[in-house]
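Below you will find one chain, with nothing else, as structure tokens; this is the form predicted alone, and questions on how it binds or moves follow later.
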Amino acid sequence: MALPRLDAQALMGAALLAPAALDRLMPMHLQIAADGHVVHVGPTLGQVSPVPLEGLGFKALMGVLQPRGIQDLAGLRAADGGQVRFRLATEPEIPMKGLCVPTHDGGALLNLSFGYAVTSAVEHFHLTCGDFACTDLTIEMLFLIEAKSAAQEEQRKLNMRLQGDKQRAEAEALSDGLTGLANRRAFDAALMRCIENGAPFAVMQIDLDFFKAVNDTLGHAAGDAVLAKVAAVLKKETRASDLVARVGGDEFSILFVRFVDVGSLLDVAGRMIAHIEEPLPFGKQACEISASIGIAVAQGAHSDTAADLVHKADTALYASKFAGRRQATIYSQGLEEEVARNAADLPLPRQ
């Protein structure tokens, strides 16, 4: 015996007696009365629409995209059980698709969804899982979107940590751990850039006088305190565009970019020496040192290599040492011969 055919319209008519149930089962539904006006709107659909939908007529409500030719409620009811695609005629226009079922009272029930636009719709309207029926596949998509967003956020955080670690590693590779100044590697790289750019600059070499005596009598902790003080003095007397580096135990180098006036360089060197010579209290004693300085100037486009310029600054530094320490010397032609003669007569007073 054949089973009786279920009357879909009768079932829908019974369902319409409980709008709250429809709201839970189909949060994005529309009930349209026989006169073509909306009589009930699902909560989620009402949430995303910028204007109240209840009371709107069919023509004012939507423009059907598929099937083509539907102009009124009768045409919509004729699409019984068929899928329709349309846009709500509100601002902003919302692309949707849905299933239309005619109701016993001459109206229609539309169960709607965002279709392919669900991702942008969820983001634009700030929707959550609670805005959809628990059986809606949109829930699964939201879970996937949430999982993807969480994964992307973790990836972003990981990339930021890796980038931070990379930057810290690069900074550590180019800096002196004790003083925080640039190290020899950073100085050599900056010197090469200055030569390649062809801009005028000056190289200053600084060697501390009597530093070994501090280490020998007061210990390495006192020596470290002295080096930290010297680093602070050099940073204070230079510009942000200059590079100050610790290139050895008690040896420092400075690059002065576009600062080549000899008189001004000697003034800066003099201030550095004066501040470095100020006694540094350490326990019950004081650390007393000085500094000898050599300066080489590169004027504009030049043929000197990095090694040439460092050698010239070192030669000027040796000249300061031989002249009695506590002073600065600018490199000039013939200075090598003078230093060589002094070196032949007496040992180089490095400390």
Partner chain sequence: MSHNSYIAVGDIMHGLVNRSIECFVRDTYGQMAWEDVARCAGLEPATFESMLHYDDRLTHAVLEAISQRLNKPREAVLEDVGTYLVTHSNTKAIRRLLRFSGDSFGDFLASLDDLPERVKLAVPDLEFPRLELEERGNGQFCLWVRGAHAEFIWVICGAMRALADDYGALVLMEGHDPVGGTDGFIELHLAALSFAEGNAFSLGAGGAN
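Positions refer to the first chain, counted from 1. Since this is a predicted model, take the numbers as computed values, not measurements. What we label the rigid core is the largest C-alpha set whose atoms superpose within 1.5 Å from one form to the other.
The discussion below concerns the form predicted together with its partner chain, not included here.
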Among 102-110, 150-158, 227-235, 276-284, the region lying within 4.5 Å of its partner chain in the predicted complex by heavy atom distance: 150-158
Single option in Asp72, Asp267, Glu123, Glu196 placed near its partner chain in the predicted complex, where near means a heavy atom within 4.5 Å: Glu123
Ok, Thr135, Thr128, Ser241, Gln83: which has a heavy atom sitting within 4.5 Å of its partner chain in the predicted complex? Thr128
I'd like to know if Glu146 sits close to its partner chain in the predicted complex, meaning any non-hydrogen atom pair within 4.5 angstroms. yes
Evaluate Leu174 for contact with its partner chain in the predicted complex, applying a 4.5 angstroms cut-off between non-hydrogen atoms, and reply yes or no. no
Might Leu162 be said to contact its partner chain in the predicted complex, defining contact as any heavy atom within 4.5 Å? yes
Whether Leu218 contacts its partner chain in the predicted complex should be assessed with a 4.5 Å heavy atom distance threshold; does it? no
Once the core is aligned, does Leu127 move its Cα by at least 2 Å between the shown form and the other one? yes
Aligned on the rigid core, do the two forms place the Cα of Thr44 2 Å or more apart, comparing between the shown form and the other one? yes
